[in-house]
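Shown here is one chain on its own, the form predicted alone, set out as structure tokens.
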Amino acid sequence: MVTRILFRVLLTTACLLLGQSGVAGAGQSAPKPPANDDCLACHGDPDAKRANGTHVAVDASVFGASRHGALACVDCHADLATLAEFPHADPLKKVNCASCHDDVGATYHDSIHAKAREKSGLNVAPVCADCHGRHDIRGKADPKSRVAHAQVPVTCGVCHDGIKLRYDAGVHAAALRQGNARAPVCADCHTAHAIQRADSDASRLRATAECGSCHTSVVESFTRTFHGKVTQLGSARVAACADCHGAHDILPASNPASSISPRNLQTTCGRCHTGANARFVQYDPHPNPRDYQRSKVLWWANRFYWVLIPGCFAFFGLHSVLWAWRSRRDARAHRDGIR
């Protein structure tokens, strides 16, 4: 294998030297950038490795089928554009994806991932290639893409493996496995590039809106409660969706392991309300006055006020009209009497 690589290097170098000699008399123009075939002369070998043993092989067919298949190697590896001879320096400079994807790059720069790498020096924090791939980048509409909707939990789980296990146990992952294209994955709640700390006040306040993008009626009912109204006023100190239902391992109330199972409600509410008893947890956190089956008392109270309030306005409105009519008639009679 080493002999084959050395032969390719010598052959490529000879071609480049011949090409340069042909233009030497024309003012020593800049060397021609290496073509993809020049790069694949070495990197096309499945056993190609760096000196430290890292594999650097590139499958030409896989790269050709990727979103970057029409690009040249030097479009991303810009430091090779002026390369005059092979082999090149090892390693190359980091590829700057923002040179083309500047809008996404600016968004990523403000994310928790970028801050962990750039400010905290955590080199294990993900960059573009860790999520999208390197030479096998596919569009998110491609089912084989690392960032396809169904593949996002797997991609995020490479780093967040503990969270992935909890997500897999929840109802969202179960819906995804059943082929539900609307089942939320990591990026639906945390976004794809502008990911922030989940324990910040801003993230906690945004969580209700995120849940409401799917659970519209449930979040609407939440906004009628004290918890919901205080949250709408900008306070992150009261309970929001994840505080009661969990963040990743969300389970239905019928599941005994669920945090909102009747057997666990006192413990769940007790996190904030010390001493919560069986009577306390009978409180309905999602009241719906239009749902008779959920709360008959609330339904009747709502109907009563729908009759009472319009009835009061109608009665006193009619009273005011009749009073005005009577006042005008009395005033007219009084004037007629004086005359």
Partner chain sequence: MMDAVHIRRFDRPTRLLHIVVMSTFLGLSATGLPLLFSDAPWSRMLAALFGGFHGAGLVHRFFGATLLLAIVWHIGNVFWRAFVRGERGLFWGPTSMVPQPRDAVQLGQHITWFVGAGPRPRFEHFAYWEKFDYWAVLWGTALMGAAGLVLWFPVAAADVLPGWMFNVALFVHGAEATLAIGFIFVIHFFNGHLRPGKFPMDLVMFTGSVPEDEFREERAGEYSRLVATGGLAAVTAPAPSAALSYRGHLIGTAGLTIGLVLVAFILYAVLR
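A quick note: this is a predicted structure, and the numbers were derived from the prediction, not measured. Residue numbers count along the first chain shown, from 1.
As for the form predicted in complex with its partner chain, it is not shown, yet the points below apply to it.
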| N36 near its partner chain in the predicted bound form, any heavy atom under 4.5 Å? | no
Would Y292 count as a contact of its partner chain in the predicted bound form, using a 4.5 angstroms cut-off between non-hydrogen atoms?
no
### Task
Report yes if any heavy atom of R263 sits within 4.5 Å of a heavy atom of its partner chain in the predicted bound form; otherwise report no.
no
Might A192 be said to contact its partner chain in the predicted bound form, defining contact as any heavy atom within 4.5 Å?
no
Which of 164 to 172, 251 to 259, 141 to 149, 223 to 231 lies within 4.5 Å of its partner chain in the predicted bound form, heavy atoms considered? The stretch 223 to 231
Applying a 4.5 angstroms cut-off on non-hydrogen atoms, the residues of 184 to 217 near its partner chain in the predicted bound form are none
